[in-house]
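Next up: just one chain, as structure tokens, the form predicted alone.
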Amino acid sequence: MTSSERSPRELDCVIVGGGAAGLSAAVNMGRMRRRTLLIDERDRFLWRHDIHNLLGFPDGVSATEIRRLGWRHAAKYGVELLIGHVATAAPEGDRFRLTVERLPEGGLFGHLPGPRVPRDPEMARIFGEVPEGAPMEVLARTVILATGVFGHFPEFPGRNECVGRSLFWCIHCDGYESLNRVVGVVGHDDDAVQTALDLLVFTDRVTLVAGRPEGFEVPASRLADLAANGIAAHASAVAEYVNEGGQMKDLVLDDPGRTRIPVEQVYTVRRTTAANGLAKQLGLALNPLGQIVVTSEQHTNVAGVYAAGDATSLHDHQVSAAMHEGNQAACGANYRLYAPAQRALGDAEEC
């Protein structure tokens, strides 16, 4: 029998995305004894990035270690994990049919910024793998999308080694690590101006570069705010991000003089793109930025489908927030799986 002829596996919940939100959802679904499958593409949440604002880790913890711990935690409660790509998702009666494909060579999003990390051999001994060959199908009573976003960082040689060490994007996560450092901010809009000004809490050595040949897209008054606070602003693109061993060294501007700006750290401010392909297939409501619209309990507009983490309208790119949202999504999915007598009086489906 070929894999395409096999009956699809039937599950209580499929979680798409193995970052903080997806792992939190997996742990909580496993603890509620639900048959749960977590499908992970490995293309996000694998930066070598130390997280310093997560409660309980006073010395910081790497994103890869959170992922490893999360896998172990979910496995303890019987959650299965597959490395693969969910190509299609569609309602089918009171369930959802998902098609899972093997990842292409080099990762699914080879054309997008992101690390290419080989499969963890320790985890390979614990979890199953998407089979080679034909796609596999699963039927799930509930779906949790934790698919994240793309596009924080520009592409340049050595970038992956710099992320989380000397290349950042969020001062709420990493601003303290900029204390008394020489910092460059790359961005053309008011978010970039605000980031540069907010960094003055940590250092008075900040420079802003537009990062594009068209220059800045802000009122003259905002450029005046920068100048009044001692922040030089360069309306040019960046020709080269000079770095060595994960340490940013210089920003070389794409101007006639190839101006070289020494830096110890760089923050890039650019709009992210929500990974919403499956959300569109499932008919989920999206906001104007393409993020999945959810309630405070992580419900989408489609009954039985929940979303958590950076792909949602509630996102704020914080690991702690993603964990909370994953837990909330699991609570909603678990409640939907209860028999009518297990629900609160008068509740038809959702809590």
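Remember, it's a predicted structure, so these values are computed and weren't measured experimentally. We number the residues from 1 along the sequence you see.
Unshown form predicted together with a small molecule; subsequent notes refer to it.
- Residue contact with the small molecule in the model of the complex: Ala308 places a heavy atom within 4.5 Å of it.
- With a 4.5 Å cutoff on heavy atoms, Gly84 counts as touching the small molecule in the model of the complex.
- Under a 4.5 angstroms non-hydrogen atom cutoff, the small molecule in the model of the complex lacks Glu137 among its neighbouring residues.
- Remark: Gly148 counts among the residues lining the small molecule in the model of the complex, judged by a heavy atom distance of 4.5 Å or less.
- Only one segment in the set 28-36, 296-304, 51-59, 282-290 has any non-hydrogen atom within 4.5 angstroms of the small molecule in the model of the complex, and it is 51-59.
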